[in-house]
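Take a look at this single chain, the form predicted on its own, given in structure tokens.
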Amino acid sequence: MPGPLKTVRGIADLVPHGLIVKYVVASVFRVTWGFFLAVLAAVPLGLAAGWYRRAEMALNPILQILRPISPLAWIPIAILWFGVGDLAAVFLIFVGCFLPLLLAVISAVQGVPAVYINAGRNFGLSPIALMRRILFPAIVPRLMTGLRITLGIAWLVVVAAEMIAVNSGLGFLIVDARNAGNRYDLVVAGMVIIGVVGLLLDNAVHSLERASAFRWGFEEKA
């Protein structure tokens, strides 16, 4: 097991070749697209399923069947459909993020106090205005928490996907270093880089979460 000094030297070996930047950019690119597509699909569907009881009853059996399936179990199907490349990794990230985020949005909608909804209806708000002015602002704090957790899942999935489905990225760096022989300093270096980038992404979403909480609290007082 390489020590800290040897690991630092391994990271230094990657710098002159530009591999750190190249692999980090490749991983962040895949996470961004997979996460964005999951948000684009899960948030509207979660709002509808949480708002309409029949929609939630129709979706729930399917969700409960798919939810226990690990995103990594989809790797053979992803490669079959999209081949070895970015699309397969993006698909795996989408699968890993979609269901947890969908369930988080449904739970957030169903957790909105009924008094908020009734107050909006008493003021004569239309269904669209009720969703825009009452429902969505009320779920923002829990939605941001769900986004933060889901982004962590996306970062976990991309590393595993890159070990199998692509030939670049931080996950590929770890596998390639292992296959190179005794370069376990690069293996640990890749793990350290993954942790640092994951921390930076989490801090970014946490900052956005605090900003949204402040904005919601300000509007609520106003």
Partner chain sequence: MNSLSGTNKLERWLWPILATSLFLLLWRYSVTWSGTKVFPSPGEVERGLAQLVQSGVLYHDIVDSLRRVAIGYLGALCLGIPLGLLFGWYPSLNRIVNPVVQILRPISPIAWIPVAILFFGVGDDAAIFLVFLGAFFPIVVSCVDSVANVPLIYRRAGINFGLTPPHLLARVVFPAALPQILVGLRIALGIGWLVVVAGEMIAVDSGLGFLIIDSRNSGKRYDLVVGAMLLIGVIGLILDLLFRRLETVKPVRWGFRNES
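Residue numbers count along the first chain shown, from 1. Since we're looking at a predicted model, the values are computed, not measured.
The same protein also has a form predicted in complex with its partner chain, omitted here; what follows describes it.
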Hey, with its partner chain in the predicted bound form, do Arg54, Met57 and Ile65 all fall inside the 4.5 Å heavy atom range? yes
Does Trp81 make contact with its partner chain in the predicted bound form, using a 4.5 Å heavy atom cut-off? yes
Does Phe35 reach its partner chain in the predicted bound form if we count a contact as any heavy atom within 4.5 Å? no
Taking heavy atoms only, is Gln110 within 4.5 angstroms of its partner chain in the predicted bound form? yes
Are any of the heavy atoms in Gly198 no more than 4.5 Å from a heavy atom of its partner chain in the predicted bound form? yes
Of Ala129, Val140, Ala119, Ile77, which residue is found within 4.5 angstroms of its partner chain in the predicted bound form when only non-hydrogen atoms are counted? Ile77
